[in-house]
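What follows is one chain in structure tokens, specifically the form predicted alone.
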């Protein structure tokens, strides 16, 4: 069972040195990639997995805004024909501000995109250069304005803190500029140095070049204070939204909704067994192309989850949400009380001030959000 589709567009004009996602550097999306996505979608439609009309579709990357708007329209039309589309479906496109203009954004809106996620990352040109971004702060602001003109009334922006050379004052300036343009959604991430990236080579043995943990924590707390004061709800560790504007697609991930991943390197989670099946597409471009052309889904690492696997996921995904995990919901999902399985662990974290336990649910405190990895690790098998 799945209610959502994720489409991975693994192409960027320039590969950012901090990025660990599957992507290749190119000026345009290869001509055959849309056809491969359409063929993969048709293959997936033949699966026995049940589905209801799609609640959300998400074009992620990479840089999905490199796709031609006509290709987006074709993909959406086929998804609607094969799976159905809920009347109020959320359809998101990630966009790099350096790849869009007013005309292109209007074309994406006409194609059926109703939610835009702009990869701003910073509104400081010095930091954008450090991040290897292809846009300037002015281009990011202009892209946002052009999106409004194109008719987008649901826009999210991404910002990153704890960057090399970034002070708390610089981070506050980013937040204040973001508030002036008033996006409906903000994703606020602390920089993570991932293995296999140029940033890992640059900073793994030179951590003193990055803000220390105390400064990073202060930046997290500053974002929480500034954004919530201005009416944004902190609904997930790294995400803030105006009322009614949470990312429904990403919320589906945290609630373990089934989703179909299409594209090279995409991930899939099907609720086709008692606790679900996870797999990923091959990231290799030749393998991906050849298998689809031969009529096979390019799945790798297929894992049928056990109840223990699912409980683990339920805890570390559910606790990401500010609402936390309801005791009734856990018991309905697994047939046993949460306290029976994790009571000792949750009470220990509550005593340490990292979890709050009420009569109905358990959730992270703000300090718990800061130390979430420490909490989540205790729920792993």
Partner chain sequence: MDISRLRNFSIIAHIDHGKSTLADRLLEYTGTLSEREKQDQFLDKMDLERERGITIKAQTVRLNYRADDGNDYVLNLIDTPGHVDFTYEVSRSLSACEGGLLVVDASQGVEAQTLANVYLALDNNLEVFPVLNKIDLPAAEPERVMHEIEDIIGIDAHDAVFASAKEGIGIHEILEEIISKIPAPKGDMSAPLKALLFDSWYDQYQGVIILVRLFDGTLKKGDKIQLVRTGRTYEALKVGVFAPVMVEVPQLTAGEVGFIIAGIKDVADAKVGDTVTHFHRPCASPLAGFKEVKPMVFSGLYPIDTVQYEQLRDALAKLKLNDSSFSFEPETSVALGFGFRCGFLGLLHMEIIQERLEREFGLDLITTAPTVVYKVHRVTGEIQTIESANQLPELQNVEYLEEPFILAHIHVPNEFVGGVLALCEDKRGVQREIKYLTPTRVMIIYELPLNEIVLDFYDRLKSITKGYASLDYEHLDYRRSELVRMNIMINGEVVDALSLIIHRDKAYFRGRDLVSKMKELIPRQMFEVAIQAAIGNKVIARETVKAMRKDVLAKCYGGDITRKRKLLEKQKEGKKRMKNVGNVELPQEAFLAILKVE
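Positions refer to the first chain, counted from 1. Note that the coordinates shown come from a computational prediction; the quantities given were computed from them, not determined experimentally.
Keep in mind the form predicted together with the partner chain is missing from the figure; the text below concerns it.
Report task. Have a look at 73-81, 143-151, 108-116, 192-200 and name the one stretch with heavy atoms inside 4.5 Å of the partner chain in the predicted complex. Result -> After filtering at 4.5 Å, what remains is 192-200.
Query raised in the report: Here the chain is shown alone; which of 181, 204, 173, 217 has a heavy atom within 4.5 Å of the partner chain in the predicted complex?
Result: Selected option: 217.
Query raised in the report: in the predicted complex, which of the listed residues (90, 291, 158, 224) lies with a heavy atom within 4.5 Å of the partner chain?
Result: Contact residue from the list: 158.
**Report entry** Heavy atom distance at most 4.5 Å to the partner chain in the predicted complex, all of 52, 248 and 330
**Finding:** No, none of the three is in contact.
Query raised in the report: Is residue 273 close enough to the partner chain in the predicted complex to count, meaning some heavy atom within 4.5 Å?
Result: Output for residue 273 is no: heavy atoms all beyond 4.5 Å of the partner chain.
Query raised in the report: Might residue 309 be said to contact the partner chain in the predicted complex, defining contact as any heavy atom within 4.5 Å?
Result: Output for residue 309 is yes: heavy atoms within 4.5 Å of the partner chain.
Query - the partner chain contact at residue 99 in the predicted complex, heavy atom, 4.5 Å - result: Flag for residue 99 set to no.
Query - Contact label in the predicted complex: residue 235 to the partner chain, heavy atom within 4.5 Å - result: The answer is no: residue 235 has no heavy atom within 4.5 Å of the partner chain.
Requested in this report: Can you tell me which bits of 328-353 touch the partner chain in the predicted complex, meaning any heavy atom within 4.5 Å?
Outcome: Residue within 4.5 Å: 349 only.
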